[in-house]
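For reference, the chain that follows is the form predicted alone, supplied as structure tokens.
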Amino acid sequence: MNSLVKVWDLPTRLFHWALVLSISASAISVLVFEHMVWHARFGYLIASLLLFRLVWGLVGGYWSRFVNFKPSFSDSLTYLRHPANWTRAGHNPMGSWSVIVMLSLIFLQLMTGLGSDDDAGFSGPLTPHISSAWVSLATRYHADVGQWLLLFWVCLHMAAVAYQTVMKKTPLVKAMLSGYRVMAHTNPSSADSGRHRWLAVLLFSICSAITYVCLKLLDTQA
């Protein structure tokens, strides 16, 4: 018998869509408007979001915890051979790999942005603390490599979601909006109580404060 399973708790869903909007705004601010100040501000917001997701991956809802991702090579091969046999409500193995790669690419883009210098009057807060060789390397990756790698992976991710939605009739976007999936097999549900959500608010506030303090320290020590 099919059952409705709470897969994605509200904090995870808000993180997901906030990250989508922040990355989009960061890209538009520099590629369309050439406004480096706002580009940096959105980058700092992304830093807070990533730090929050790292913590939430340890204490969040069941399916949001990294320990419940299944990105092993053996599971991936098994899933590719028999995708219909996968019965877990969270990410399938390929989806888990996609999330890990996506977060890693965003982290690399963020860190290289902090150490970049655009030679037009704007430099990241890390640039006074690293050598010119590292600044040059970070700038080259951030502007010429990282953004295209990230764009490619985002497009690949979207194509995979579209394929799963249209061809496999798996409503992944709907699940990330509502939090629920209809499953034919028994699965644990993610905790998503009011107390759970207030914990997320507290953690995100702490992560934002940590980001702010770190940036201030880098600025004062420059």
Ligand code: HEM
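Computed from a prediction, not measured in an experiment: that's the story for all the values here. Numbers follow the displayed sequence, beginning with 1.
Same protein, other form: the form predicted in complex with this ligand, not shown, and the subject of what follows.
Using a 4.5 Å heavy atom cutoff, Leu19, Phe122 and Val154 all lie near this ligand in the predicted complex. In the predicted complex, Val67 stays away from this ligand, with no heavy atom inside 4.5 Å.
Taking the partner from elsewhere, Phe15 is found to have a heavy atom lying within 4.5 Å of this ligand in the predicted complex. Under a 4.5 angstroms non-hydrogen atom cutoff, this ligand in the predicted complex lacks Arg88 among its neighbouring residues. A residue is said to contact a partner when one of its heavy atoms sits within 4.5 Å of a partner heavy atom; Ser189 fails this definition for this ligand in the predicted complex, lying far away.
Though this ligand is absent from this view, in the predicted complex it lies within 4.5 Å of a heavy atom of just one residue from Met102, Leu137, Leu149, Leu77, which is Met102. In sequence order, Gly43, Tyr44, Ile46, Arg53 are the residues of 42-59 having a heavy atom within 4.5 Å of this ligand in the predicted complex; the partner itself is omitted from this view.
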